[in-house]
Every structure is written in C-alpha cells, then in structure tokens.
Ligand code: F6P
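What follows is one chain in structure tokens, specifically the form predicted alone.
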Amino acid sequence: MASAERGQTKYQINLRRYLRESGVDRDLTRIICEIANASKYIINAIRTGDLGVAGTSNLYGEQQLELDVLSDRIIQKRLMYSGVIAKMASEEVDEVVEVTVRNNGRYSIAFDPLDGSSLVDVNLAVGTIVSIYEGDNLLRPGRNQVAALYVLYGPRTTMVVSTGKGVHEFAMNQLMEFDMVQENIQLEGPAKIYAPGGLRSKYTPGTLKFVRSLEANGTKLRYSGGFVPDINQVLIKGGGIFMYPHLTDNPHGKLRLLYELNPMAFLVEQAGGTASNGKQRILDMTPESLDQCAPVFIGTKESVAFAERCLLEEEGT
C-alpha cells in the first residue's frame, strides 16, 4: 500500500481509509477513529483550558488536574458513542466502567487520558495512551491486545497506532483529520538515544552498569519527563531505549502495566523492538490489579537484552 513520506504537504491516505483498506475489523476501526475524534477536543482543551487542580485525586492518591478530568470525560463519551465497548478502565477512575448503553460489547479499553499532564503548564509535550482488547476481560497479559495507540500533543498532533500489522504514524492536518506520515516504523540496532526515568542516585548496581555502558559508547541522553514523547522519540528516530527501572526505594517502578506499559510494549514490539521489566517480557505479565506498576526497559532488542544481562550479572535477577 502506498504511503506518504515525512515532510510532504499533501498526504496520500487518511486514518480511516488506511484502516479500512488494511482489512481492520469495522468495529475496531470505529474505536480507533473515536479516539482520533476525542483527540481534537483534548488538544483544544490543552490550548485553551484550565490548567488548575480539580480538587480530586485518582486511585493512586495523585492530585488530578482539570485537564486530566476533562480528557477522561471526553474519551469516555466518545467510546460510549462507539456502541461496541463492553468495559473501560481509565487511569483517572478507580474502577472499571461497565458500559450500560445497548451495544454488542466486542471490545474493552484501558487508557491514560492525558499522560504527563503536569507538563502542560510548562508547555511540554503530553499524550493519550490506549490499549484495546477483544472481549470484556482487561486483566490479561498484554500480548492479548488487538490494538494499541498513543496520541502525542506537541508542536504537531500525531497518532502512532498498531492493529497487529506493523506500526504507523499519522499527523493531524489543518482540518483536524489524521493523515499518514510513516508506514511500518522499524527499530534497529543498538540504542542511539536513551531516556532514563527515576533518580540516578537510587539506581541499583545493574542499572548503573547499563547506563554507564551506554554513556561510554556515546549514546545520547534524551529525556523529557513524559512517557509518550520519549517513546515517540525512540520510535521515530528508529532506535533507542526508554527505562524507568526498579529503584532502591521502589522495586516496582512507577509506570502502570495496564494503562502505560502494555500498550507501549505492544507498539514497540510491532516495530521490531521489545520491552522487559528486567527479567521478563512485559507483554507476558498478567496484571493482578488495575493499579499494578512494573519496572521497564523498552526499545531496540539489542539494548533491552544488554540491560537484562547487566541486571543478571550485577544483581543475579
């Protein structure tokens, strides 16, 4: 299938058409396009909305911003409208939402409506992350996902999506529709860049060995503090690694398996990379709860395998 090259002013194919011509299930196509529609309202809220606190907290005890709450409402409304959702789990809500409108309940969705929302007030990129499963059970290994995507709200608004047939990038045009930019993004070779989350003073010996080896080999540090822009950088640059490892005071890491790690691991694996908690493939982990966290090393296969070796040699795990 023909695709547009980065930098063209006229694109050859839009999101809905690409999904249709790629043979993606009609209901799954509708869900992805509803997320695309939701992103139009979210980007408008980011540009013009209230940056203050909502006066509420999420299930992790984190104070919610007005943008968090609004983004969650926007996505929930669009997904309800799709008519094919059985269950929804949002990082901003403390329980699974069972859809009560009449529908055939074919898919269930886990999403982080506005990952990195605290970066909005300093004008840094943020994003929406979405994980899609068939059926009504969300607490399954990430390898059971049928699709995953994220929308990045930066200088441009882009969507990176996979339905299990490669990873593709779409950009929002002047009419607020998504047009293809890149088809079949690929990750290759050793890391060209690395994005390290967590305090270095709290890294374990294996993580320290890994980071020092990267630096000794000239790998460039590129870390924004936002999971979506950092993963996007790894994918679009064609090689790199992001990590938020286990720390000496937090062996479980920071990022949530259901809302953040599973969808990103699905996308990275579809691009030829991999994701690990340091000793196990992320997509083989079974979430035990909605709020389960895990350490993560995610990027090119070569770099993640090297991180695992460092951890095994220094920590025996």
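What you see is a predicted model; the values in this text were computed from it and never measured. A residue's number is simply how far along the shown sequence it sits, counting from 1.
Although it is not shown, the form predicted in complex with this ligand is what the next lines describe.
Candidate from Phe227, Phe111, Phe210, Tyr150 lying within 4.5 Å of this ligand in the predicted complex - any heavy atom: Exactly one residue meets the criterion: Phe227.
Of Arg281, Lys254, Arg30, Lys40, the one that lies within 4.5 Å of this ligand in the predicted complex (heavy atoms): Going through each option in turn, the one that passes is Lys254.
Per-stretch contact check against this ligand in the predicted complex, the hit in 240-248, 160-168, 136-144, 178-186 (non-hydrogen atom, 4.5 angstroms): Heavy atoms within 4.5 Å of this ligand in the predicted complex occur in 240-248.
4.5 Å heavy atom contact, Gly198 to this ligand in the predicted complex: Judged by the heavy-atom cut-off of 4.5 Å, Gly198 is in contact with this ligand in the predicted complex.
Partner contact for Glu260 in the predicted complex: this ligand, 4.5 angstroms, heavy atom: Heavy-atom contact with this ligand at 4.5 Å: present for Glu260.
Close approach of Gly154 to this ligand in the predicted complex, 4.5 Å, heavy atom: Looking in the predicted complex, residue contacts with this ligand do not include Gly154, since no heavy atom lies within 4.5 Å.
Pro190 within 4.5 Å of this ligand in the predicted complex, heavy atoms: Pro190: no contact with this ligand in the predicted complex.
Residues of 110-140 having any heavy atom within 4.5 Å of this ligand in the predicted complex, listed in sequence order: Residues within 4.5 Å: Asp115, Gly116.
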